[in-house]
Ligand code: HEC
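Here's a solo chain for you in C-alpha coordinates, the form predicted alone.
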Amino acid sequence: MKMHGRTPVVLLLAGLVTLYACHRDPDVAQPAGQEWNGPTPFQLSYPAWAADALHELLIPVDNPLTEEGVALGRKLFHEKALSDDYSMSCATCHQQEFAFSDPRTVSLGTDGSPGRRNSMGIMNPAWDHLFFWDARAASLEMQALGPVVNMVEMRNTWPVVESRLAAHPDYPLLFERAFGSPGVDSMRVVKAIAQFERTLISFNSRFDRFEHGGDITALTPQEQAGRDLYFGEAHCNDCHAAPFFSDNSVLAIGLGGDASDQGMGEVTGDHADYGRFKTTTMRNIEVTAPYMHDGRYATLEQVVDFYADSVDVNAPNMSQHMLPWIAGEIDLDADERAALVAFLKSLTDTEFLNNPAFSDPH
(Lines give C-alpha, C1' and ligand atoms only; values in the text may rest on other atoms or scores of the structure.)
Protein backbone atom coordinates (compact mmCIF):
# COMPACT_ATOMS: atom_id res chain seq x y z
CA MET A 1 0.00 0.00 0.00
CA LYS A 2 1.17 3.54 -0.68
CA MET A 3 0.61 6.51 1.58
CA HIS A 4 -1.64 9.12 0.03
CA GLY A 5 -3.41 12.04 1.65
CA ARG A 6 -4.08 14.65 -0.97
CA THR A 7 -7.63 13.97 -2.16
CA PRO A 8 -10.41 16.44 -1.20
CA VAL A 9 -12.31 13.64 0.48
CA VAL A 10 -9.39 12.90 2.76
CA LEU A 11 -9.07 16.59 3.66
CA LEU A 12 -12.76 16.70 4.49
CA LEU A 13 -12.51 13.60 6.65
CA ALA A 14 -9.19 14.36 8.29
CA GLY A 15 -9.05 12.77 11.66
CA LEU A 16 -11.79 10.33 10.74
CA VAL A 17 -10.25 8.26 8.00
CA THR A 18 -6.53 7.85 7.34
CA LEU A 19 -5.91 6.48 3.89
CA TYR A 20 -3.32 4.02 2.66
CA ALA A 21 -2.16 2.95 6.10
CA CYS A 22 -2.57 -0.56 7.40
CA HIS A 23 -5.27 -0.71 10.08
CA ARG A 24 -5.11 -2.81 13.18
CA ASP A 25 -7.88 -5.19 14.10
CA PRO A 26 -10.63 -3.29 16.00
CA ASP A 27 -10.39 -3.91 19.74
CA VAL A 28 -13.32 -2.80 21.82
CA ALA A 29 -11.83 -3.95 25.13
CA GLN A 30 -10.49 -1.17 27.34
CA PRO A 31 -6.83 -1.64 28.33
CA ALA A 32 -6.45 -1.92 32.08
CA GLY A 33 -5.53 1.32 33.77
CA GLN A 34 -6.25 3.53 30.74
CA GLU A 35 -9.00 6.14 30.54
CA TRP A 36 -11.38 5.79 27.63
CA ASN A 37 -11.43 8.92 25.46
CA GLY A 38 -14.14 8.05 22.99
CA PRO A 39 -14.27 6.12 19.70
CA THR A 40 -10.97 5.64 17.89
CA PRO A 41 -10.77 6.77 14.24
CA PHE A 42 -10.44 3.77 11.93
CA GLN A 43 -7.66 3.78 9.38
CA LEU A 44 -9.00 2.60 6.02
CA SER A 45 -6.46 1.02 3.69
CA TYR A 46 -6.49 0.81 -0.11
CA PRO A 47 -3.95 1.28 -2.90
CA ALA A 48 -3.25 4.70 -4.39
CA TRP A 49 -4.21 3.59 -7.91
CA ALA A 50 -7.76 2.86 -6.74
CA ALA A 51 -8.41 6.57 -6.23
CA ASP A 52 -9.51 8.25 -9.44
CA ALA A 53 -11.75 11.10 -10.53
CA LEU A 54 -14.68 8.80 -11.30
CA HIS A 55 -14.75 7.00 -7.96
CA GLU A 56 -15.12 9.12 -4.84
CA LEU A 57 -14.80 7.65 -1.38
CA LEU A 58 -18.18 8.13 0.28
CA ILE A 59 -18.20 8.20 4.07
CA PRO A 60 -21.09 10.13 5.65
CA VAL A 61 -20.15 12.96 7.96
CA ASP A 62 -22.60 11.61 10.54
CA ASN A 63 -21.11 8.10 10.44
CA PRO A 64 -17.30 8.28 10.46
CA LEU A 65 -15.38 5.05 10.62
CA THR A 66 -14.17 4.10 14.07
CA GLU A 67 -12.44 1.01 15.35
CA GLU A 68 -15.23 0.39 17.85
CA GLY A 69 -17.94 1.02 15.24
CA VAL A 70 -16.38 -1.37 12.75
CA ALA A 71 -16.00 -4.06 15.42
CA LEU A 72 -19.64 -3.63 16.47
CA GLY A 73 -20.75 -3.69 12.83
CA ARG A 74 -18.87 -6.90 12.19
CA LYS A 75 -20.57 -8.53 15.17
CA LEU A 76 -24.00 -7.26 14.05
CA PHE A 77 -23.41 -8.39 10.45
CA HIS A 78 -23.14 -11.93 11.81
CA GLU A 79 -25.86 -11.50 14.47
CA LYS A 80 -28.86 -13.83 14.07
CA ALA A 81 -30.90 -11.94 16.68
CA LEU A 82 -31.72 -9.52 13.86
CA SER A 83 -34.14 -12.10 12.44
CA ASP A 84 -37.48 -13.07 13.93
CA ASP A 85 -36.52 -16.64 14.88
CA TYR A 86 -32.77 -16.17 15.46
CA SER A 87 -31.97 -18.18 12.32
CA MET A 88 -30.61 -15.55 9.94
CA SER A 89 -27.99 -12.81 9.90
CA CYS A 90 -26.75 -10.52 7.13
CA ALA A 91 -24.01 -13.10 6.56
CA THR A 92 -26.57 -15.81 5.84
CA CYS A 93 -27.24 -14.30 2.40
CA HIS A 94 -23.87 -12.51 2.08
CA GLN A 95 -21.25 -15.20 2.61
CA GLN A 96 -17.58 -14.26 2.61
CA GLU A 97 -16.37 -17.24 0.58
CA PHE A 98 -18.71 -16.13 -2.21
CA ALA A 99 -17.58 -12.47 -2.03
CA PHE A 100 -20.46 -11.79 0.35
CA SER A 101 -23.07 -13.04 -2.10
CA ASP A 102 -25.39 -16.08 -1.98
CA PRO A 103 -24.76 -19.13 -4.20
CA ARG A 104 -28.50 -19.81 -4.36
CA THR A 105 -30.51 -18.37 -7.26
CA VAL A 106 -32.53 -16.42 -4.72
CA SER A 107 -32.17 -16.32 -0.96
CA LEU A 108 -34.77 -17.74 1.39
CA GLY A 109 -36.47 -15.92 4.25
CA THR A 110 -36.67 -17.25 7.78
CA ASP A 111 -39.95 -19.02 6.91
CA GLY A 112 -38.51 -20.54 3.75
CA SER A 113 -40.09 -18.02 1.42
CA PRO A 114 -37.98 -17.43 -1.72
CA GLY A 115 -36.78 -13.93 -2.45
CA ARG A 116 -37.29 -12.22 -5.76
CA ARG A 117 -33.75 -11.48 -6.84
CA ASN A 118 -30.27 -12.88 -6.50
CA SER A 119 -28.31 -11.63 -3.49
CA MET A 120 -25.61 -9.19 -4.58
CA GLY A 121 -22.00 -9.42 -3.49
CA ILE A 122 -20.46 -6.77 -1.23
CA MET A 123 -17.10 -5.44 -2.38
CA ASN A 124 -15.67 -1.93 -2.13
CA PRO A 125 -19.05 -0.45 -1.13
CA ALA A 126 -17.40 2.65 0.34
CA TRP A 127 -17.27 3.96 -3.24
CA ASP A 128 -20.78 2.92 -4.21
CA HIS A 129 -23.64 5.37 -4.78
CA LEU A 130 -26.67 3.08 -5.08
CA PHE A 131 -27.71 -0.22 -3.51
CA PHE A 132 -30.06 -3.07 -4.38
CA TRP A 133 -30.63 -4.21 -7.95
CA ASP A 134 -33.25 -1.50 -8.42
CA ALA A 135 -31.08 1.22 -6.81
CA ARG A 136 -33.73 2.05 -4.20
CA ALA A 137 -31.20 2.84 -1.45
CA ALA A 138 -28.74 5.69 -1.73
CA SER A 139 -26.46 4.63 1.12
CA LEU A 140 -25.28 1.56 2.98
CA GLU A 141 -27.18 2.79 6.01
CA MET A 142 -30.45 2.94 4.06
CA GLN A 143 -29.75 -0.46 2.54
CA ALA A 144 -29.24 -2.10 5.94
CA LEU A 145 -32.62 -0.89 7.24
CA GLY A 146 -34.65 -2.96 4.79
CA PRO A 147 -33.87 -6.68 5.24
CA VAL A 148 -34.70 -6.77 8.98
CA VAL A 149 -38.34 -5.84 8.38
CA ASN A 150 -38.74 -7.45 4.96
CA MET A 151 -41.37 -10.20 5.15
CA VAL A 152 -39.45 -12.44 2.74
CA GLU A 153 -36.15 -11.95 4.54
CA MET A 154 -35.64 -11.52 8.30
CA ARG A 155 -39.35 -10.91 9.06
CA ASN A 156 -38.67 -8.92 12.22
CA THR A 157 -39.42 -5.45 13.61
CA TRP A 158 -36.90 -2.88 14.74
CA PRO A 159 -38.39 -2.51 18.25
CA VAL A 160 -37.89 -6.25 18.77
CA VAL A 161 -34.30 -6.08 17.52
CA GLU A 162 -33.55 -3.06 19.71
CA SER A 163 -34.94 -4.74 22.84
CA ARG A 164 -32.99 -7.93 22.16
CA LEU A 165 -29.70 -6.09 21.73
CA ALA A 166 -30.33 -3.81 24.71
CA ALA A 167 -30.92 -6.87 26.92
CA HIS A 168 -27.78 -8.62 25.69
CA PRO A 169 -24.88 -8.78 28.19
CA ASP A 170 -22.37 -7.33 25.69
CA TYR A 171 -24.11 -5.07 23.21
CA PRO A 172 -25.01 -2.03 25.38
CA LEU A 173 -21.35 -1.37 26.21
CA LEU A 174 -20.30 -2.03 22.61
CA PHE A 175 -22.82 0.54 21.35
CA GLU A 176 -21.67 3.06 23.94
CA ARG A 177 -18.04 2.59 22.94
CA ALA A 178 -18.88 2.77 19.23
CA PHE A 179 -20.96 5.95 19.39
CA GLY A 180 -19.68 7.72 22.50
CA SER A 181 -22.93 7.57 24.48
CA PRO A 182 -25.34 4.94 25.78
CA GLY A 183 -28.21 3.74 23.63
CA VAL A 184 -29.26 0.99 21.23
CA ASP A 185 -31.49 1.95 18.33
CA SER A 186 -32.09 0.99 14.71
CA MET A 187 -30.05 3.84 13.24
CA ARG A 188 -27.03 2.93 15.35
CA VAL A 189 -27.41 -0.69 14.28
CA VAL A 190 -27.36 0.16 10.57
CA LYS A 191 -24.61 2.74 11.00
CA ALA A 192 -22.38 0.14 12.64
CA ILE A 193 -23.14 -2.46 9.95
CA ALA A 194 -22.38 0.15 7.27
CA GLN A 195 -19.06 0.98 8.92
CA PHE A 196 -18.05 -2.68 8.82
CA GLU A 197 -19.17 -3.07 5.22
CA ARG A 198 -17.06 -0.08 4.15
CA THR A 199 -13.99 -2.04 5.25
CA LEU A 200 -14.76 -4.85 2.76
CA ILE A 201 -12.05 -3.78 0.33
CA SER A 202 -10.86 -6.00 -2.50
CA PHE A 203 -7.97 -4.84 -4.67
CA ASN A 204 -5.54 -7.75 -4.61
CA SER A 205 -6.39 -10.01 -7.54
CA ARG A 206 -3.89 -11.45 -9.98
CA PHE A 207 -5.06 -8.80 -12.45
CA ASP A 208 -4.13 -6.09 -9.95
CA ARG A 209 -0.70 -7.58 -9.47
CA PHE A 210 -0.24 -7.70 -13.25
CA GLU A 211 -1.73 -4.29 -14.01
CA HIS A 212 -0.49 -2.27 -11.06
CA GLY A 213 2.15 -4.36 -9.35
CA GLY A 214 4.41 -4.97 -12.33
CA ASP A 215 4.15 -8.76 -12.11
CA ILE A 216 4.09 -9.81 -15.76
CA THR A 217 3.80 -13.46 -14.75
CA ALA A 218 0.52 -12.91 -12.86
CA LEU A 219 -1.63 -13.50 -15.97
CA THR A 220 -1.38 -16.36 -18.44
CA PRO A 221 -1.23 -15.61 -22.19
CA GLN A 222 -4.91 -16.58 -22.48
CA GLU A 223 -5.84 -14.25 -19.63
CA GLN A 224 -3.85 -11.44 -21.23
CA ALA A 225 -5.74 -12.02 -24.46
CA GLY A 226 -8.98 -11.83 -22.49
CA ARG A 227 -7.79 -8.63 -20.88
CA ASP A 228 -7.24 -7.07 -24.27
CA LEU A 229 -10.74 -8.11 -25.34
CA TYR A 230 -12.31 -6.83 -22.12
CA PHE A 231 -10.82 -3.37 -22.56
CA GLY A 232 -11.15 -3.44 -26.33
CA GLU A 233 -13.49 -4.95 -28.88
CA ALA A 234 -15.70 -6.83 -26.41
CA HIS A 235 -16.62 -3.47 -24.79
CA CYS A 236 -16.95 -4.96 -21.28
CA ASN A 237 -15.15 -1.99 -19.74
CA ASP A 238 -17.78 0.39 -21.11
CA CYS A 239 -20.01 -0.49 -18.14
CA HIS A 240 -17.80 -2.55 -15.85
CA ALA A 241 -15.04 0.02 -15.72
CA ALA A 242 -11.69 -0.55 -14.03
CA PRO A 243 -10.38 -0.18 -11.40
CA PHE A 244 -13.67 -0.95 -9.63
CA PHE A 245 -15.04 -2.91 -12.58
CA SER A 246 -18.34 -1.11 -12.19
CA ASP A 247 -19.49 2.42 -12.99
CA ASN A 248 -22.29 2.75 -10.40
CA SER A 249 -24.85 2.92 -13.20
CA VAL A 250 -28.36 1.47 -13.49
CA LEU A 251 -28.86 0.20 -17.03
CA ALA A 252 -31.10 -1.72 -19.38
CA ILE A 253 -28.89 -4.11 -21.33
CA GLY A 254 -31.39 -6.03 -23.47
CA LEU A 255 -31.56 -8.93 -21.05
CA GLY A 256 -35.19 -9.82 -21.73
CA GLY A 257 -36.98 -12.45 -19.71
CA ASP A 258 -39.43 -11.86 -16.86
CA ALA A 259 -41.42 -8.74 -17.69
CA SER A 260 -42.93 -8.79 -14.19
CA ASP A 261 -39.67 -7.40 -12.78
CA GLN A 262 -39.02 -3.93 -14.14
CA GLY A 263 -36.13 -3.04 -11.86
CA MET A 264 -35.63 0.65 -11.18
CA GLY A 265 -38.89 1.42 -12.98
CA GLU A 266 -40.80 -0.15 -10.11
CA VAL A 267 -39.17 2.31 -7.71
CA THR A 268 -39.55 5.49 -9.72
CA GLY A 269 -42.71 4.67 -11.66
CA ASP A 270 -41.01 6.20 -14.70
CA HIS A 271 -41.35 4.13 -17.88
CA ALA A 272 -37.87 5.36 -18.88
CA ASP A 273 -36.51 3.31 -15.96
CA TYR A 274 -38.26 0.06 -16.83
CA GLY A 275 -35.82 -2.81 -17.24
CA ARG A 276 -32.93 -0.92 -15.65
CA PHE A 277 -30.82 -2.75 -13.06
CA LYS A 278 -27.67 -1.89 -11.16
CA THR A 279 -24.34 -2.63 -12.84
CA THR A 280 -22.47 -5.05 -10.61
CA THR A 281 -18.73 -5.29 -10.16
CA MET A 282 -16.73 -7.92 -12.00
CA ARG A 283 -14.33 -8.25 -9.09
CA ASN A 284 -14.50 -11.76 -7.62
CA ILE A 285 -17.07 -12.60 -10.30
CA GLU A 286 -15.74 -16.17 -10.41
CA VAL A 287 -17.29 -16.91 -7.00
CA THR A 288 -20.54 -14.93 -7.18
CA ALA A 289 -22.59 -17.26 -9.38
CA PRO A 290 -25.40 -17.38 -10.34
CA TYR A 291 -25.49 -14.23 -12.43
CA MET A 292 -27.89 -11.40 -13.34
CA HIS A 293 -30.57 -9.98 -11.05
CA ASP A 294 -32.64 -13.15 -11.28
CA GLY A 295 -29.74 -15.60 -11.18
CA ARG A 296 -30.63 -16.95 -14.61
CA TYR A 297 -27.09 -17.86 -15.63
CA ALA A 298 -25.17 -20.50 -13.69
CA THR A 299 -21.76 -19.96 -15.32
CA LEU A 300 -19.56 -17.21 -16.67
CA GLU A 301 -19.57 -19.02 -20.00
CA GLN A 302 -23.32 -18.52 -20.20
CA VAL A 303 -22.95 -14.84 -19.36
CA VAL A 304 -20.37 -14.30 -22.10
CA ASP A 305 -22.55 -16.23 -24.56
CA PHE A 306 -25.45 -13.91 -23.71
CA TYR A 307 -23.42 -10.83 -24.52
CA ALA A 308 -22.06 -12.45 -27.66
CA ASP A 309 -25.32 -13.86 -29.01
CA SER A 310 -28.49 -12.93 -27.17
CA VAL A 311 -28.67 -9.23 -26.33
CA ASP A 312 -32.11 -7.94 -27.34
CA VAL A 313 -31.10 -4.79 -29.18
CA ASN A 314 -34.75 -3.79 -29.60
CA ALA A 315 -35.49 -3.81 -25.90
CA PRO A 316 -36.89 -0.55 -24.47
CA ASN A 317 -34.66 1.92 -22.65
CA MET A 318 -31.45 0.36 -23.94
CA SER A 319 -28.41 2.08 -22.48
CA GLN A 320 -26.15 4.14 -24.72
CA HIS A 321 -23.38 1.86 -23.49
CA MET A 322 -25.01 -0.86 -25.59
CA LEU A 323 -24.50 0.96 -28.91
CA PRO A 324 -21.76 -1.51 -30.00
CA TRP A 325 -24.36 -4.27 -29.73
CA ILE A 326 -27.02 -2.24 -31.50
CA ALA A 327 -24.52 -1.54 -34.27
CA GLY A 328 -23.67 -5.24 -34.59
CA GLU A 329 -20.03 -4.76 -33.64
CA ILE A 330 -19.75 -7.61 -31.13
CA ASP A 331 -18.44 -10.77 -32.76
CA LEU A 332 -16.64 -13.24 -30.50
CA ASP A 333 -15.45 -16.68 -31.55
CA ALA A 334 -15.03 -19.63 -29.20
CA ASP A 335 -11.40 -18.88 -28.37
CA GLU A 336 -12.17 -15.25 -27.58
CA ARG A 337 -15.07 -16.23 -25.33
CA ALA A 338 -12.84 -18.65 -23.44
CA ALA A 339 -10.18 -15.96 -23.08
CA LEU A 340 -12.73 -13.53 -21.64
CA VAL A 341 -13.86 -16.08 -19.08
CA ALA A 342 -10.25 -16.79 -18.15
CA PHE A 343 -9.59 -13.09 -17.67
CA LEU A 344 -12.68 -12.62 -15.51
CA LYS A 345 -11.40 -15.36 -13.22
CA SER A 346 -8.16 -13.42 -12.79
CA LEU A 347 -10.19 -10.80 -10.90
CA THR A 348 -10.58 -13.17 -7.94
CA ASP A 349 -9.03 -11.85 -4.72
CA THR A 350 -8.36 -14.87 -2.52
CA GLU A 351 -7.02 -12.72 0.30
CA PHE A 352 -10.37 -10.90 0.45
CA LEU A 353 -12.33 -14.15 0.41
CA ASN A 354 -10.35 -15.49 3.37
CA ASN A 355 -9.59 -12.36 5.39
CA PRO A 356 -10.18 -13.26 9.06
CA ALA A 357 -11.05 -9.63 9.86
CA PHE A 358 -14.34 -10.15 8.00
CA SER A 359 -15.35 -13.48 9.53
CA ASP A 360 -17.88 -14.23 12.26
CA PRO A 361 -16.46 -12.99 15.60
CA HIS A 362 -19.03 -14.79 17.74
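Worth saying up front: this structure is predicted, and the values here are computed from it rather than measured. In case it trips you up, residue 1 is the first one in the sequence shown, and so on.
Omitted here: the form predicted together with heme C (HEC). The next part is about that form.
- Against heme C (HEC) in the predicted bound form, the set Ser89, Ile193 and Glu197 is in full contact: each member has a heavy atom within 4.5 Å.
- For the options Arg164, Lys80, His212, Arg117, the residue carrying a heavy atom within 4.5 angstroms of heme C (HEC) in the predicted bound form is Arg117.
- With the partner omitted from this view, the residue of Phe131, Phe203, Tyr171, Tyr274 that lies near heme C (HEC) in the predicted bound form is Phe131 [heavy atom within 4.5 Å].
- Shown alone, this chain has one stretch from 179 to 187, 265 to 273, 213 to 221, 152 to 160 that lies within 4.5 Å of heme C (HEC) in the predicted bound form by heavy atoms: 152 to 160.
- When heme C (HEC) is considered in the predicted bound form, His293 lines it closely, a heavy atom lying within 4.5 Å.
- In the predicted bound form, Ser107 approaches heme C (HEC) with a heavy atom inside 4.5 Å.
- In the predicted bound form, at least one heavy atom of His94 sits within 4.5 Å of a heavy atom of heme C (HEC).
- When contacts are judged by a 4.5 Å heavy atom cut-off, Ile59 does not count as touching heme C (HEC) in the predicted bound form.
- Along 325 to 344, a non-hydrogen atom within 4.5 Å of heme C (HEC) in the predicted bound form is carried by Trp325, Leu340, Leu344, in order along the sequence.
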